[in-house]
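Heads up, the chain below is alone and in the form predicted alone; it's given as structure tokens.
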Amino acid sequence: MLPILHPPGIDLNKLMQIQNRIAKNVKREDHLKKLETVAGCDISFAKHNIAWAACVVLDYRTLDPLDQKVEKVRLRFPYIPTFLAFRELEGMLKTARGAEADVYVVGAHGIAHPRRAGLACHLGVILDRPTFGVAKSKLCGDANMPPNRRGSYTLLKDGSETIGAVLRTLPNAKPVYVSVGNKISLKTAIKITLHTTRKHRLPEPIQAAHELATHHAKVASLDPSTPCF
């Protein structure tokens, strides 16, 4: 097992080596056997390195909720840009492993990352399941802004390599950044993102997970004795 959940200190060179190993295991083609359920994964922060991780499973066709998992977790790694997985993956796995879905959507980047190893990649490689990331801001790469209409997108490139898409999920709203996590193609990730986006800028699975995690974080602030894992 790669030492992602318990990283060897804050030696960025060693952490980059782990990210490079994750990137080599990412599959950028579709491995979906079926598409009946979709899960959203997100983390909401409380204070003092305490957070709530949530995973919500929706019916892909109707977007009705089917299952949800939420856990209070202790963050053991500091926030360092481009090393988010070492901070958030442990908590995210606690909920994602307990909520079965055909594909997992993460509120973070996949291969649209300097070392092609964003949080969605780490989750997908460890779970060995289809995952992709939908982020609100760019981490790396260049792209033109897509036209102001739902469904329009431009390719996000780093040099000659396509690492994601800048996708307009709603008109008159900022676009989102979609990228492969594991076992899925960019084309399919864009399709799923559009199908699962309704009134919010982000897809409903991520929105549902965010709202669940945020609710528990607020409630827990009134009762800080809740144990964490």
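Values in this document were obtained by computation on a predicted structure and should not be read as measured data. In case it trips you up, residue 1 is the first one in the sequence shown, and so on.
The following text describes the form predicted together with the DNA, which does not appear among the structures shown.
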query = Which one of L89, L139, A99, A143 is close to the DNA in the model of the complex, taking close to mean a heavy atom within 4.5 Å?
reply = L139
query = Only one of A108, L123, V103, L156 has a non-hydrogen atom within 4.5 angstroms of the DNA in the model of the complex; which is it?
reply = A108
task = Classify S44 as contacting or not contacting the DNA in the model of the complex by the rule of any non-hydrogen atom within 4.5 angstroms, answering yes or no.
result = yes
inquiry  = With the partner left out here, check for me: in the model of the complex, does some heavy atom of P147 sit within 4.5 Å of the DNA?
reply    = no
message = How about T82 - does it come within 4.5 Å of the DNA in the model of the complex, if we only consider non-hydrogen atoms?
response = yes
key: the DNA contact in the model of the complex: H216, any heavy atom under 4.5 Å   = no
